[in-house]
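Read the single chain below, which is given as structure tokens and is the form predicted alone.
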Amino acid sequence: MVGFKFPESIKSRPVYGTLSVKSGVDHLMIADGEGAEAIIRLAKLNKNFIEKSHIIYIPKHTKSIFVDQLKELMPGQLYLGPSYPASVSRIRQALNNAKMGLQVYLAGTEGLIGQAQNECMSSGVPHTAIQTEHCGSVARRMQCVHCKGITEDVIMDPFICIHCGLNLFIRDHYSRRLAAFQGVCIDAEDPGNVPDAVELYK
């Protein structure tokens, strides 16, 4: 697995690292898609801690590709979620039941990492106990600054807001509170003058 190297950007844009095993009584691992590869890599480096780990995994487009490998790790708990919203209650339950010294590992798309990080910090987990590693898709979770609607997995720039229909330019400005990038109307002053959409980072 080769991680995507994001170009330098404005300060609000998240920076991701590489997951490593930290000492702790409990380990909560939340991942989606190719984020499973980061968990599998960690388990191979240190098989003992996986027995104390609670893995919450959302396969998304990878479907069952990594599921059997995760099961073979024999973690303390493994939950397979159909989507992030459907998995939030499980994440909150895991955080509520966690012991002091919990270590959190987040891997996968930016949308998952941002939302899960917010849940953890809202539950009192210090940011120093949360590791992140971007894996897989570079699609963004976007908020339209005009109608406030959220669009998941945006890959083209500009794109049309699914809530209000405006043509939005993707800004690198990131809201940690919303776990989303911001989109602003690209043709507000000259309606209909919209450049051809291009794939992010192409």
Partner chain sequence: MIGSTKINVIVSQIKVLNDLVTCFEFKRTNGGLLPTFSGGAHTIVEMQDGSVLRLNPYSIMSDPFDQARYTISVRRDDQGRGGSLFMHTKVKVGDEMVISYPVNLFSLDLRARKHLFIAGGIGITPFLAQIKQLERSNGYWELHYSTRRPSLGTFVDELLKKYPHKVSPYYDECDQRIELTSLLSGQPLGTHIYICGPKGMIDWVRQEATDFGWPDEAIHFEEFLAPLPGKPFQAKLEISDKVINVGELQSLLEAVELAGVEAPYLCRGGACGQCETSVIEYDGKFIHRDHWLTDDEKTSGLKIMPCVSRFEGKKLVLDR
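Since the structure is predicted, the reported quantities are computational estimates derived from the model, not experimental observations. Positions refer to the first chain, counted from 1.
This next part talks about the form predicted together with its partner chain, which is not shown.
Student: Identify which of S123, Q93, S83, Q77 has a heavy atom within 4.5 Å of its partner chain in the predicted complex; exactly one of them does.
Tutor: Exactly one listed residue reaches within 4.5 Å, namely S123.
Student: Within a 4.5 Å heavy atom cut-off, is L73 in contact with its partner chain in the predicted complex?
Tutor: L73 lies outside the contact set for its partner chain.
Student: With a cut-off of 4.5 Å between heavy atoms, is V194 one of the residues that contacts its partner chain in the predicted complex?
Tutor: Judged by the heavy-atom cut-off of 4.5 Å, V194 is well away from its partner chain in the predicted complex.
Student: Is Q103 close to its partner chain in the predicted complex, meaning a heavy atom pair under 4.5 Å apart or at it?
Tutor: Output for Q103 is yes: heavy atoms within 4.5 Å of its partner chain.
Student: At the 4.5 Å heavy atom threshold, is A129 in contact with its partner chain in the predicted complex?
Tutor: Output for A129 is yes: heavy atoms within 4.5 Å of its partner chain.
Student: Could you tell me which of 57-65, 36-44, 23-31, 150-158 sits within 4.5 Å of its partner chain in the predicted complex, going by non-hydrogen atoms?
Tutor: Of the options, only 23-31 has residues within 4.5 Å of the partner.
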